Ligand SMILES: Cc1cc2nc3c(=O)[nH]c(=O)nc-3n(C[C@H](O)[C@H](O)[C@H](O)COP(=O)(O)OP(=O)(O)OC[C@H]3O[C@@H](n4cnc5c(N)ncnc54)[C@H](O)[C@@H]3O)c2cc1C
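Encoded as C-alpha cells, the following chain is the form predicted alone, with no partner shown.
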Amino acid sequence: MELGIQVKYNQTLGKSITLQELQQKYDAVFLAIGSNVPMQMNIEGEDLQGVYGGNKLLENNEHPDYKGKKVAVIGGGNVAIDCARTIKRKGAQEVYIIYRRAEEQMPAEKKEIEEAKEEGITFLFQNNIVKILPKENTKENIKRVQKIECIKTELVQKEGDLRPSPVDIKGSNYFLEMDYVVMAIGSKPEQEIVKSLSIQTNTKGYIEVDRNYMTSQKGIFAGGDITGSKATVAWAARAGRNAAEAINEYLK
C-alpha cells in the first residue's frame, strides 16, 4: 500500500473480472497468470487415486500422508526436484525421480540435483514410466496406485535433432512398488481462460508477445510461463521487470 499498489484477492480472470473491464479502467495491463495445468503422459493408470500433478501439488499444498510411503516423481525439471524434496521432507520412506534422459541433459539446476541426492532421493536416469497399475481385490470402490511399470531407455542421435533422443529398450521393462505417482513433466496454459482473452496464441496455446512483451492487443502485455518462456521463478521475475520497463515506455 505504501507504494501505491492495490491488491484485490479472490479474483479470477475471465470469471469475476474480464480483460475488457480492465482495459476500460487501466491504460496498460500485464498478464502474469502462469501456466499451471499439469501435462499428462496419456498412459494407462494415470487416472488412478494417488496420481498427482506436480504444479498443482506444490501450488495448492494439499498433500496426502507420505509417512512410510514410496513415491515416484516423473520429470527432470525444477518442479520435479521441488516435488521430490518436499515429499521427502514430509516423511516419505523412498522418493524416486524418474527421468528418461541422462543426468547431464536434466534441465533442473545442478545445485538442486546435488542437494536432492544429499537428501536421499533416488534418481533413475534413462528410465521411463509406461504404465501405472492399481491395487487388486480392494474392498473400496476406488482404484489406488500399487506399482508402476518402467522401461529403460537409450539415447539415440536422430538426424535433424539438436540432442540425442530417448528410445525405449525393448524387453527392459520392470516393476516398482509405489504408493503415489507425481507427474512433473511440464505444464500448459488453462485454455478456457486464455481463449476468453481473444489474444493471439501459438500452436501450443501460449500467449504470443513481441520483443516489448506486448500481445496482439495494444496495451496488453504478458510475461512468464504464460508466454512459453523458461518455466522458472527467476525467468518469470526477469520477464516482469523487462515488461515493466516496456510498459513505462509505452505510457510516456
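Residue indices: 1-based, along the sequence shown. Everything quoted here is computed from the prediction, not taken from an experiment.
What follows is about the form predicted together with this ligand, which we do not show.
- Task: Can you check 43-51, 200-208, 66-74, 28-36 and let me know which stretch has heavy atoms within 4.5 Å of this ligand in the model of the complex?
- Result: Of the stretches listed, the one contacting the partner is 28-36.
field: Asp82, Glu94, Asp179, Glu149 - the one with a heavy atom within 4.5 Å of this ligand in the model of the complex
entry: By the 4.5 Å criterion, the partner-contacting residue is Asp82.
Inset, instruction - Look up in the model of the complex whether Ile193 has a non-hydrogen atom within 4.5 angstroms of this ligand, and give yes or no. - result: Looking in the model of the complex, residue contacts with this ligand include Ile193, since a heavy atom lies within 4.5 Å.
Any non-hydrogen atom of Leu58 within 4.5 angstroms of this ligand in the model of the complex: Yes, contact at 4.5 Å.
Review point. Should Gln24 be counted as a contact of this ligand in the model of the complex, where contact means heavy atoms within 4.5 Å?
Key: Although this ligand is absent here, Gln24 would stay clear of it in the model of the complex, with no heavy atoms inside 4.5 Å.
- Heavy atoms within 4.5 Å of this ligand in the model of the complex: does Leu19 have any? No, Leu19 stays farther than 4.5 Å from this ligand in the model of the complex.
| request: Using the arrangement in the model of the complex, list in sequence order the residues of 9-26 with any heavy atom within 4.5 angstroms of this ligand. | output: Heavy-atom contacts within 4.5 Å come from Gln11, Thr12, Leu13.
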